[in-house]
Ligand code: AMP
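The data below hold one chain only, encoded as structure tokens and taken in the form predicted alone.
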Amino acid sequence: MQRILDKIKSYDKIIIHGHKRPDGDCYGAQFGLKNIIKNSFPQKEVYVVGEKSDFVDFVGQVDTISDDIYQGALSIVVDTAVKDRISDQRYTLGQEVIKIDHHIPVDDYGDLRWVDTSFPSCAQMITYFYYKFKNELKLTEEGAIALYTGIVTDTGRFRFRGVSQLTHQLAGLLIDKGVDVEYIDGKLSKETLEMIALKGYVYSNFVTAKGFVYLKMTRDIIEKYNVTDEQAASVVGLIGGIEGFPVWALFIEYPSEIRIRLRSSGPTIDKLANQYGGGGHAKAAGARLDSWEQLPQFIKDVEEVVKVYNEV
């Protein structure tokens, strides 16, 4: 952390990247870090780049920058374990690259890396970074809202494994900075009629295998219910927690690939995700299929993971 702070101090331009299809934690870490750097060192140019997230865009708006901005700049990539998932591949144009992440390491990119899987969210890592150097750094209410949003979304509102005393301590620090928890909960809980209808479809159409529950979210379904890809991806939690089915997944069809949101309440599934071009946490990971023809084999592989887990 000290080396990261020293690097931040030594650069006049800093560009913060996240991952493709950003979630609340990605946005929270990006905009929280931008807020800390910009308020601590007002003379620096600080940008957040990458894809837009409608779900959590209340925490900040991404910047549009030209390639020449990267000249002599520091690139910081947050919340991203795999290089090809980094949103805006121009991060390599920076003079140096820093990786800050809480996922199980897949690609060891970056000149300087801070990876700690004990943190339940990357936003908590950024908050901890601020806490460790609070005598040197400044954080405003706007940045605290971003970081709190990141922590809340990636911990399932403090329900997931990895939440600790430190998590709550740092959340309390952010509340002291002015976070209105009711405001954030209201933003994250609001549903459209289209999403309510889609949830009905999910509950009526999931498929079961041996210890595995899954749903195919094809393009025609996404278009029929008039939801965004981001909204479609958010329903993965609906098929979790079913007794006798410790692993569940949502398969989402994109124009060029099929993304898998893979979850578990028991078996470790990150190595399986690695086999299918992905990665993540031991109990929450992402992967991909090149075509639907691969789905039967993926199901068999999940069933084998569940079988081995049950035999232990």
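Numbering starts at 1 and follows the sequence shown. Please read all numbers here as calculations on a predicted model, not as lab measurements.
Missing here is the form predicted together with the ligand; even so, the following discussion is about that form.
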So in the predicted bound form, does Gly280 come within 4.5 Å of the ligand, heavy atom to heavy atom?
yes
How about Lys38 - does it come within 4.5 Å of the ligand in the predicted bound form, if we only consider non-hydrogen atoms?
no
At 4.5 Å between heavy atoms, is Gly286 in contact with the ligand in the predicted bound form?
yes
Should Val163 be counted as a contact of the ligand in the predicted bound form, where contact means heavy atoms within 4.5 Å?
no
Counting only heavy atoms and a 4.5 Å cut-off, does the ligand in the predicted bound form sit next to every one of Val82, Arg85 and Arg261?
yes
Among 63 to 71, 272 to 280, 49 to 57, 30 to 38, which stretch has residues with heavy atoms no more than 4.5 Å from the ligand in the predicted bound form?
272 to 280
Heavy atom within 4.5 Å of the ligand in the predicted bound form: which residues of 87 to 103 qualify?
His103
